[in-house]
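For reference, the chain that follows is the form predicted alone, supplied as structure tokens.
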């Protein structure tokens, strides 16, 4: 057996620095629910204005956040998502990258919402119908579910009317049937598969009286619009969709790239109310889109660019992470010194991903070397030379 490895589950002790752990991620990929965000004022102002406009007026508005790799696009989108997803009057979905077309965007969006949330929407719509079709007055998904489970309301009294009313609202009868079938134990997984565009056998669709499939960009746009219209009928303000790594469309063939952009344009045209899409995109790809696909880029109209962090912002970012694990009540950038962070800034050139990666490595090396003082210029340079 080789003794070259020294694998251990022993944890490092950061107490020398007054910390309970290393707050900087080893792999600087943003958390789904980021606790720290170092905002750039023009970026946060523009995002705030876009989101607030949709929330206050109900009119659709869209925005592109550009920035080079590692400058915080994903972090910005995920942090914004965390700010709006807990609101009860909107539905929020995150798409990690656009895939091969709008069908993939739709699939990722619905999948991010999840089966439980979609089933909850189904119960909410049935509650809406029950309030007009029965003498019951369920005020939400859970009370509707209780009435059905207790046998106080029969599905046979509600479903025909619910399907008809939802078909009228969405102009998509198959979508209406799939939504309603989310509450049946024997068909809810089939309905979920259909709604997520995963494909169903003919026999499975027949069991739900569904005649079509969501299998191309056009049907995906139709299904997305149907979902949004159902939400507006239920009193929601709208839908927020976050599409990250939009620069991946440049990897598609010119034909597929144009088809994807056209599908998103059609989605925007068909949803003048209740829709907000925030894209994260590399600036060079967005410039190409702006110059070559006017019909698409004009629908968005707004772009805001993330810049490399300044010295002041680096301090704010590092302090924010350190505050997550402080034990001794210290403040500011301790145990890092001003000179130490200057080196981090110079080497990273203000790139957030690199700043976090360097700080994480430097802190671990300081602990491993039993360093007990402040983390200054010399220690940071020593670590960087080994990276």
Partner chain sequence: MLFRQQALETPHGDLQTPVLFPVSNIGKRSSDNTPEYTESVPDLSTAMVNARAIRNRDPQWERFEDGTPLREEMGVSEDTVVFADSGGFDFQDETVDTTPAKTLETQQQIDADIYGTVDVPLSRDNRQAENQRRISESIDLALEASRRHNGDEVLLGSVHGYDPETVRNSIQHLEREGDFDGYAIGSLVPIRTDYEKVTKIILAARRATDKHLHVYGLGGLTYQPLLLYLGVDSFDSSAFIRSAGNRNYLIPGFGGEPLKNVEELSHLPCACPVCSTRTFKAVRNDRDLLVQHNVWALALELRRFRYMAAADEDLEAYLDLRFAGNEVTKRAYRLAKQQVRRLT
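Since the structure is predicted, the reported quantities are computational estimates derived from the model, not experimental observations. Residue numbers count along the first chain shown, from 1.
Separately, the form predicted in complex with the partner chain exists; it is not shown, and the next lines address it.
Visitor: Contact check in the predicted complex: 149, 160 and 181 versus the partner chain, with a cutoff of 4.5 Å between any heavy atoms. Do all three pass?
Guide: Yes: 149, 160 and 181 each sit within 4.5 Å of the partner chain in the predicted complex.
Visitor: Going by a heavy atom distance of 4.5 Å, is residue 253 a contact of the partner chain in the predicted complex?
Guide: Contact with the partner chain, no.
Visitor: Please tell me whether any heavy atom belonging to residue 100 falls inside 4.5 Å of a heavy atom of the partner chain, as the geometry stands in the predicted complex.
Guide: Although the partner chain is absent here, residue 100 would stay clear of it in the predicted complex, with no heavy atoms inside 4.5 Å.
Visitor: Is there any non-hydrogen atom of residue 112 lying within 4.5 Å of the partner chain in the predicted complex?
Guide: Flag for residue 112 set to no.
Visitor: With the cut-off set at 4.5 Å between non-hydrogen atoms, does residue 209 touch the partner chain in the predicted complex?
Guide: Taking the distances in the predicted complex, the answer for residue 209 is yes, it comes within 4.5 Å of the partner chain.
Visitor: Work out which of 154, 96, 290, 83 lies within 4.5 Å of the partner chain in the predicted complex, going by heavy atoms.
Guide: For this set of options, the contacting one is 154.
Visitor: Please pick, from 88, 186, 116, 312, the one residue with any non-hydrogen atom lying within 4.5 angstroms of the partner chain in the predicted complex.
Guide: It is 186.
Visitor: Can you tell me which of 295-303, 192-200, 219-227, 141-149 lies within 4.5 Å of the partner chain in the predicted complex, counting heavy atoms only?
Guide: After filtering at 4.5 Å, what remains is 141-149.
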